[in-house]
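The chain that follows stands alone, in the form predicted alone, written as structure tokens.
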Amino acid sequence: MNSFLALFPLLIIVFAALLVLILEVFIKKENRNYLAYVSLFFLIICGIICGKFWDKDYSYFDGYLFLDNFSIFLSFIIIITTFFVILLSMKYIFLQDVNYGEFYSLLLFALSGMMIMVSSGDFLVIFLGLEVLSISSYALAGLRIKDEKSSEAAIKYFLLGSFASAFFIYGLALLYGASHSTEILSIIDYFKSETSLSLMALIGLGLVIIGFGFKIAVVPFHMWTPDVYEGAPTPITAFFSVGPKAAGFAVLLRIFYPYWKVALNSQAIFWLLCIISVLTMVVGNFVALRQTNVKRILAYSSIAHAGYLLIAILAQDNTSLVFYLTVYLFMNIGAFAAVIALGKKDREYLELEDYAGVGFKYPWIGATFAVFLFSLAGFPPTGGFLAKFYVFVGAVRQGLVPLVIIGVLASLVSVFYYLRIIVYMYMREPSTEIEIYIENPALFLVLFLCLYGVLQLGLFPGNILILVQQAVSSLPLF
């Protein structure tokens, strides 16, 4: 149904971003937590309105922006991600000297870009959302002005992101030249006819995949990830690891959900994604084995998980993909929240040696961090186990047994570096004592909520699975 109401969630976020930017001028540096409270308030309002629009199927601009159940569910994922990141940032920006008023505004602008991406079926509109997200992300990565690693992260992110955008827009130009449309369904409809199908269209689709491959951090488009994750402020790293990945996979799902069903010549793209998935799982997990910096370990972990998610795309298992993204939100944000909790003013403890004995000295943080690591590794009864189980089972049903075997073996490799952190926390004597900043209720709230989410989705996933199935069933098909 064509209605201006379809724009409400997006307009709320953009209004909040502009309001925070203006209020920053009038609020003293010491009182900038008020900007966080304003941002959180508008995120809650946006979430409530999205919930009210469930099953409404509103659209606007002749259907270029819409609010079907799928876009609403993905919007919930990225809204919750942003909500958690703001809570993590409230004390962090004071302790680590990144207390800039534009911090929260840039987060909200990045959120608005992702909302555009998940709420459109037109490549040109998706590109606009992608650029809003990218420009905000480049600035967020370099906010630690006095830190050379942060500046390096921003530069690498900007340069490689620009190349990725160039690949995407060139691929879109080729797809438009072949199909005379920028709408996803119209382009996929072009692939139904073998007589008109051209090499130009296949190359165009391949270039679009490369563009999104950068955002979701798959091999060989992953080179920016460890450096950016290490150099960016840790709450922003948590944001990068979940938000853009969810938005990128949402777009890929909109492309390949109809593509696999109607494309006559889909083998080239299928094998391209198979190779990317295998390389991503293998490279991500094996390179992580050599890392000693916790943020870099989690960066390569994030790369590996993108490989598992690609298996769901190849298996046409949309429910498992969206459920995996939901679980991934809680376990990854939770892991980075634990890393932030183990810090103090002007100092973050990021090397494995720093974590020696932490589990006994700070039992609440150590125990929750261990649960998140177990979930990332895929141990029951956490949500990470069920997420991987559903993806692998769906792939077996589609006959992708070799891909599943590689995925399982890659997961076994990942157990080593996840458990390595736990071994340091509980089985190593500390060489130096670390002191952390304890008075951070917002951060401990995030830890609790993520812990609850990981265990709830692992033990009682039924209600969420129902919502996921409703969301996936709203995807348009021929």
Partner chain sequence: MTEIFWLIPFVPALSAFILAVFGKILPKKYVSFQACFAVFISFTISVVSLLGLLRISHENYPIVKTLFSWIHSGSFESNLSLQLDPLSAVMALVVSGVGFLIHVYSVGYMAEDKGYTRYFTYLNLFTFAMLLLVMGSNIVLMFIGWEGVGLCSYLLIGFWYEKHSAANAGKKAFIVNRIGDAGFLLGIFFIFVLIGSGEFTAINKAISGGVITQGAATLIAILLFVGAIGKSAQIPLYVWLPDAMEGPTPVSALIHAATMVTAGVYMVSRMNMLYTFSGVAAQIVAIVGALTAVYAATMALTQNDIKRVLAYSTISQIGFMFIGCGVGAYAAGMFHLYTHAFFKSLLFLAAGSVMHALSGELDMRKMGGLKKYLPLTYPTFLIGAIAIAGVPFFSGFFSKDAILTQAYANGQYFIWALGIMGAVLTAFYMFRLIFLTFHGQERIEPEAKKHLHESPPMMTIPLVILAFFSVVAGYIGLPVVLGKNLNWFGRFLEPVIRVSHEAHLEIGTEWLLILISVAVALVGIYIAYVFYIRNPQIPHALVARFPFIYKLLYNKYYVDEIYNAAFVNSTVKGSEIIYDHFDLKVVDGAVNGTGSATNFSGKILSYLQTGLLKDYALVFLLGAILFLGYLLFF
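Nothing here was measured: the structure is a model prediction, and the numbers come from that model. Positions refer to the first chain, counted from 1.
Just so it is clear, the following notes concern the form predicted together with the partner chain, a form of the same protein that is not shown.
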Quick one: is Lys192 in contact with the partner chain in the predicted complex, heavy atoms, 4.5 Å cut-off?
no
Report whether the minimum heavy atom distance between Gly101 and the partner chain in the predicted complex is within 4.5 Å.
no
My question is simply whether Lys91 lines the interface with the partner chain in the predicted complex - judged by any non-hydrogen atom within 4.5 Å.
no
Taking the partner chain as it sits in the predicted complex, is Leu386 in contact with it (heavy atom to heavy atom, 4.5 Å or less)?
yes
Note which of Tyr362, Trp260, Tyr349, Tyr390 lies within 4.5 Å of the partner chain in the predicted complex, where distance is taken over heavy atoms; exactly one does.
Tyr390
Answer key, the partner chain contact in the predicted complex at 4.5 Å (heavy atoms) among Ile269, Leu185, Val278, Ile80: the residue is Ile269
State yes only if every one of Ile45, Gly343 and Gly366 has a non-hydrogen atom within 4.5 Å of the partner chain in the predicted complex; otherwise state no.
no
Only one of these stretches, 81-89, 327-335, 270-278, 104-112, has heavy atoms within 4.5 Å of the partner chain in the predicted complex; which one is it?
270-278
Output the sequence-ordered list of residues from 156-189 with at least one heavy atom within 4.5 Å of the partner chain in the predicted complex.
Lys156, Leu159, Leu160, Phe163, Ala164, Phe167
